[in-house]
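Only one chain is shown below, in structure tokens, and it's the form predicted alone.
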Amino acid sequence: MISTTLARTNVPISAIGLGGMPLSIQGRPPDDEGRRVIHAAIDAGVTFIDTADVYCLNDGDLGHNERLIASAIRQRRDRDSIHIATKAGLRRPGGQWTRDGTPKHIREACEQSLRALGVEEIWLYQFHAPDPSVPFEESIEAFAELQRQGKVLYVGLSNVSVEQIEQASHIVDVRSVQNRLSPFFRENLDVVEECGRRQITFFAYSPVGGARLAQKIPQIPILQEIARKHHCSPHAAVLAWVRAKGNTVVPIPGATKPEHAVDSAKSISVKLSAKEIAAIDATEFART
């Protein structure tokens, strides 16, 4: 596995991460299978795992994904080289996804995540999504305060705009931004460019389009052609395209089967030519 570093640090992380969400939401595999997925990813070289307190079924299940990941790596000899990022700023009432960027909620969520992960300091704590009912700066200041208290080492953002990166950067040292990026959804390319300019790590979530759209990938002719040429899966070709979008981009695909986690990790060896990148750029990826 090729490594990169978290923005403006000497901390190495794998250039392909693992997104933990599919292991804990509706349709999730049994916990034992989830742990096998995590182990398969790590054995394939992944050293960065992304989670969140709300990767669960509902508010009564908060922290499921954090606990699952913690239980998987607890007995591993290489556990100190595995970096886990989590988030705060959402809730799951009745299984819905709602926003809560109040400082009170962020502080409480941090304490819960510390317990779920079994750590004294969260390595990377990300604001999950801006809350329109709460001033953005107030939410970010809550993360800055947690950092000053030693409960958080690094701070990141998620689902933000270029303007919000600028606003947050006046309050805290932003080390990462996690937004959606795939051939199906390219609306964050300006954020990718801004992260490159600022040397902020850009974690690309849903890099193959999410569970439903990912099923379309093997049917797309240009991806079939590229996959044959590089002796890889069409999904690996897509992950290579995502990585090519910026020098600080780290895709974080999810997986519910060990073989899918391994395939994603192996995509790091796929290097697309400028012509192949342009061909994918020019292809319309239908979302229906």
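In case it trips you up, residue 1 is the first one in the sequence shown, and so on. It should be emphasised that the depicted structure is a prediction, and the values quoted were computed from it without experimental measurement.
Just so you know, the form predicted together with a small molecule exists too; it's not on screen, but the next bit is about it.
This chain is drawn without the small molecule; in the predicted complex, the residue among 230, 260, 39, 67 with a heavy atom within 4.5 Å of it is 260. The stretch that touches the small molecule in the predicted complex, counting heavy atoms within 4.5 Å, is 210 to 218, out of 210 to 218, 166 to 174, 116 to 124, 141 to 149. Using a 4.5 angstroms heavy atom cutoff to the small molecule in the predicted complex, none of 86, 201 and 245 count as contacting. The small molecule in the predicted complex comes within 4.5 Å of a heavy atom belonging to residue 254.
At the 4.5 Å threshold, heavy atoms of residue 21 reach the small molecule in the predicted complex.
Contact between residue 205 and the small molecule in the predicted complex is found at the 4.5 Å heavy atom cutoff. At the 4.5 Å threshold, heavy atoms of residue 188 stay clear of the small molecule in the predicted complex, well away from it.
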